[in-house]
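One chain comes next, on its own, written as structure tokens: the form predicted on its own.
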């Protein structure tokens, strides 16, 4: 007669139905069978460990561990090059007279955009806060006409903290803000900032 008495101290008994060892673990009356893990699962687990060791060795010990940074720099350079091409094409197609005539009719639509994007630096009435006064006849960049105003809004002035809104606003929105900024000229708001730049009129 076969001896079914378990010899492993961690095995409580042999299951009567499955004839498999029942481990000496019990939680609220639930017993645990000593079932081995599936072979495919073990192979996947050990394969993942081996891959991690090889990957870490190649890229962090042998290599310089900067793969993600290099990939980011390459993608960012490609984006900047594309944006530069688009800006060059836009600049080449700007007609001063046509733009000036177009933005005049769009000024009212530009006020909400100005209030949300520009007022924090230039003041709610264009009087100037961190940024310059937009209502006088002195301009740091350009001469206060449609094209240079549009270009400064679109391209920004990094040296002076002016962000390039061309990446966040559509073409129509840029023209609308341009029209609104031009409409502020000569409005003489209270507490206006002192003129900066060159007087053009």
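Positions refer to the first chain, counted from 1. Because the structure is a prediction, the values reported are computed rather than measured.
Keep in mind the form predicted together with heme C is missing from the figure; the text below concerns it.
Peer 1: Consider residue 134 of the chain shown here, and say whether it contacts heme C in the predicted bound form, taking contact as heavy atoms within 4.5 Å.
Peer 2: Result yes; residue 134 sits at the interface with heme C in the predicted bound form.
Peer 1: Spell out, yes or no, whether the shortest heavy atom distance between residue 44 and heme C in the predicted bound form is within 4.5 Å.
Peer 2: Looking in the predicted bound form, residue contacts with heme C do not include residue 44, since no heavy atom lies within 4.5 Å.
Peer 1: Indicate whether residue 111 is a 4.5 Å heavy atom neighbour of heme C in the predicted bound form.
Peer 2: Outside the cut-off, so no.
Peer 1: At 4.5 Å between heavy atoms, is residue 60 in contact with heme C in the predicted bound form?
Peer 2: Answer no; every heavy atom of residue 60 is more than 4.5 Å from heme C in the predicted bound form.
Peer 1: Looking in the predicted bound form, is heme C within 4.5 Å of a heavy atom from each of 118, 157 and 169?
Peer 2: Contact check passed for all of 118, 157 and 169.
Peer 1: Select, from the options 36 to 44, 22 to 30, 144 to 152, 49 to 57, the stretch whose residues sit within 4.5 angstroms of heme C in the predicted bound form by heavy atom distance.
Peer 2: That would be 144 to 152.
Peer 1: Sort through 78, 130, 84, 98 and report the residue having a heavy atom within 4.5 Å of heme C in the predicted bound form.
Peer 2: So the residue touching heme C in the predicted bound form, by this definition, is 130.
Peer 1: In the predicted bound form, which residues of 154 to 174 put a heavy atom within 4.5 Å of heme C?
Peer 2: If the 4.5 Å heavy-atom criterion is applied to heme C in the predicted bound form, 154 to 174 yields 157, 160, 161, 162, 163, 165, 169.
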